[in-house]
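Just so you know, structure 1 and structure 2 below are the same protein chain in two forms, each on its own as structure tokens.
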Structure 1
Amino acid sequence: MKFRNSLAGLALAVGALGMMSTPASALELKAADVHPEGYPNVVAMQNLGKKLEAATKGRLTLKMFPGAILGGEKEMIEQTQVGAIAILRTSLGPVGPVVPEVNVFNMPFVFRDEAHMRKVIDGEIGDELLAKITASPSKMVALGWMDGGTRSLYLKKPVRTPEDLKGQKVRMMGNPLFIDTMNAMGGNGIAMGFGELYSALQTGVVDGAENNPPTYFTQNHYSVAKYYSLTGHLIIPEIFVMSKIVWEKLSADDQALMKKLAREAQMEQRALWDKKVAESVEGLKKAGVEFIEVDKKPFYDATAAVREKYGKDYAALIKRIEAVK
């Protein structure tokens, strides 16, 4: 996420393309997401735009570019840093190098459940981390959090205990922390691009993967891996940010309005997410997926070394998270 010298010329060239001039001195903000049209994150941001336009009587508007139209997360972050994109929803992975504390949210079982995660991001800890991102060299202003869901295992065979994962190749996001998590849980973590996963499941290159119910459902992975074990091992929030270049062009009143609308979008996305999860679970059950309730404690105990390895520098923060009721 380091601001790249190679982008300096681009910054001069695009100026604030994320804030396009339109007739009658109105300004159009470009917003982007890798998720498709209709996805909860995208809908919440589009509704933020409608509220922004109404509150400013059309002086500020928002145009959404969903479905990775403007590139992958890495490319869109770079565009946000130079002002070519005004508002971006991104995962925490690229933020970790500049604000290491956010890596704590990537650790297995750092949250008891999704309700606990929401209490954390809605409260003091969430506000502190947003402020740290804004104050960092990232050249982005952190506006709010979004719910990325609870990730559980899905395989071609039932998994109820860590022993059931022995010898099973499970696709994980390409981060050593996640690979270590799967290995500690008893499986064989395999780093693999998401786009390759369906074919890998079909051909047996991997035996399973892990994700939230909407992704499992919409990507049709259930058709080749029909057992969904509710481990809930990862609950990772996401953020939406604004280009600092664009932010600094807003008046103090407009900045305050953006913060207010961002908080509303954070809450609206959550309601949309819960609806999406419920619909996905219903669809999966109709398709014959078996949902398996598991005792999470053996999985939690098995990943203790992972939390120790990756969280040793943030022990105080982890204790604060655990203390949130």
Structure 2
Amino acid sequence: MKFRNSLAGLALAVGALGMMSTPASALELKAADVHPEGYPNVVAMQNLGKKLEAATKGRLTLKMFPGAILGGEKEMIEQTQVGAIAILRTSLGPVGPVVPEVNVFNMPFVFRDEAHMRKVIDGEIGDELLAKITASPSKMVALGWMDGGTRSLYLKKPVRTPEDLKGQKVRMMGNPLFIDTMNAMGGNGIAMGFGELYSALQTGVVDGAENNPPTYFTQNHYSVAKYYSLTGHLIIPEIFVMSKIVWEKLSADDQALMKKLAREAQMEQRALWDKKVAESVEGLKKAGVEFIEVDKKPFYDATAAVREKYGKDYAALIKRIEAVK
């Protein structure tokens, strides 16, 4: 008894003196993103980390691994599932093969525009989808959404109609839904990791790709494919998830704190995103990229079978998405 009391007393004294610089429960969370330092998603996540550190007095910290140093999104999802990555920011695209229900958000032209997408992810449908990911066997806890803007085509030649895509090899993210989308739009969809894309464009392994203005700009893809055809065929939200293995190590209070900070990060990224889109469009124009207005209707019509194929099991959910005004 005496011994225990003196140990407790010692622990108290050491704690009060602030000498326990690394308490046993300290945890460094490894976070990852394919985008480079300075990109809105990366900045929002780093700021979440700073707030987390402040709120827990350094007990929980976040270490960011940007620029795909831990691999492409498919590989990073796998690392998150086994707990090697604690927090991952990823497009919803490569999550589709792991949690099929999220493919509803990955379908071509499922959102009318970005404002529609934002209303959906901010509201109850967005919450429900995050909960579905968390409840699935994916071993990921979905914390929040991020903005991924609108994806349009960029090729080495102007594309105005589905006919212009004939024979063109276009890189898509790794999800059969996107290959079907590109094939339906008239081209040949090629699944390829993000990291391989620049050299594939340069060497002509592919003729083009599709993405939002910030990615097209920051990855320098415009220097090897300068015709940006504004098809707007995909408006894919992005998510950030935590490894369930790591999540379960957190106390209920820490989990609640993470959820609160996640919502703040979602809103912060959005403000940064809008700025980044404007800067990117300006930078692309300055660099001589040709922005081509296209009639979206033929692309919308051409992809009806894709929405039918991937949406047929989720008809009620799609109706609810459409009803969000």
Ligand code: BDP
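For numbering, take structure 1's sequence and count from 1. Keep in mind that this is a model prediction, so the values were computed, not measured. Throughout, rigid core stands for the largest set of C-alpha atoms superposing within 1.5 Å between the two forms.
Comparing the two isolated copies of the chain, the first one is the form predicted on its own. After superposition on the rigid core, displacement of the C-alpha of Gly189 between structures 1 and 2 stays below 2 Å.
Relative to the superposed rigid core, the position of the CA of Pro100 differs between structures 1 and 2 by 2 Å or more. The rigid-core alignment places the CA of Ile179 less than 2 Å apart between structures 1 and 2. Look at Ile133: with the core superposed, its C-alpha moves 3.2 Å between structures 1 and 2.
The rigid core superposition between structures 1 and 2 gives a CA shift for Glu53 of 5.5 Å.
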